[in-house]
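Consider the single chain below, provided in structure tokens and representing the form predicted on its own.
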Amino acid sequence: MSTESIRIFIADDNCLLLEGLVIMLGEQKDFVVTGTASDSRSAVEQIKDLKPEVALIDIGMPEKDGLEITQILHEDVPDVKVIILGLVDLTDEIMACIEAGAAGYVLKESSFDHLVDTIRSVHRNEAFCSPRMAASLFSRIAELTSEGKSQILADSVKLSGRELDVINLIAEGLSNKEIAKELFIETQTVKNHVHNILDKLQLHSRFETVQYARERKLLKKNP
């Protein structure tokens, strides 16, 4: 029973390494190298044209680096699975590649066998990462989820007309006493409004309140 071949494109500006990868990957029965490039422009153009199933992109490509190429390919040919080569074992760099759309990565110190396993895993829509990276990914997802929930909560809050008046006067730099005089109410009432606004929006300061209102174009003036 024959195995379907995985079509691979390789982009690396190190010609010796590029030629070596072509030969070694070509020896795998289920791999077919459909094209190569040693510069970013040619890599992007050829990958868009050839539409391989997997693209191996060196992180240190000239002009546009591997991260930029990955972003372009992720937007223009999302079905092409990108594996970034030559990364150092730094969480922030690896996370940036994943967020750019990379389906996998291979560290500088990785073996050829590991590269082969990564290509096959990515082709099966599987992902491999170290336990440390897995922990970082979980933390990042939790962080994004928390930010998203906070944003939804803030956007769903309804401020009263009086609360908007108070925010606008805060934005003008008025103190609670000055706001009370402007609105013909007690200073304590202003304090209550400010407290309620902060509580509703889950904010911590008058400055954050003004920023919130400015971002949502709730201010009558634009200080």
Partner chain sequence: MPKINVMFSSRPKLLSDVLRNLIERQPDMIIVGEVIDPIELISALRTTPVDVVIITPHKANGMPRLCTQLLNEHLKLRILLITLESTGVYIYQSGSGRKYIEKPSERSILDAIRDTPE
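Residue numbers count along the first chain shown, from 1. None of the values given here were measured: they were computed from a predicted structure.
Keep in mind that the form predicted together with the partner chain is not shown, yet the notes after this line are about it.
The three residues Pro52, Thr118 and Asn125 each lack any heavy atom within 4.5 Å of the partner chain in the predicted complex.
When you look in the predicted complex, the only residue of Glu63, Glu45, Glu186, Glu27 with a non-hydrogen atom within 4.5 Å of the partner chain is Glu27. Residue contact check for Asn14: one or more of its heavy atoms lie within 4.5 Å of the partner chain in the predicted complex. By the criterion of a heavy atom within 4.5 Å, Gln71 is excluded from the residues contacting the partner chain in the predicted complex. Contact annotation: Ala100 falls outside 4.5 Å of the partner chain in the predicted complex, judged by heavy atom distances. Heavy atoms of Glu109 reach within 4.5 Å of the partner chain in the predicted complex, making it an interface residue.
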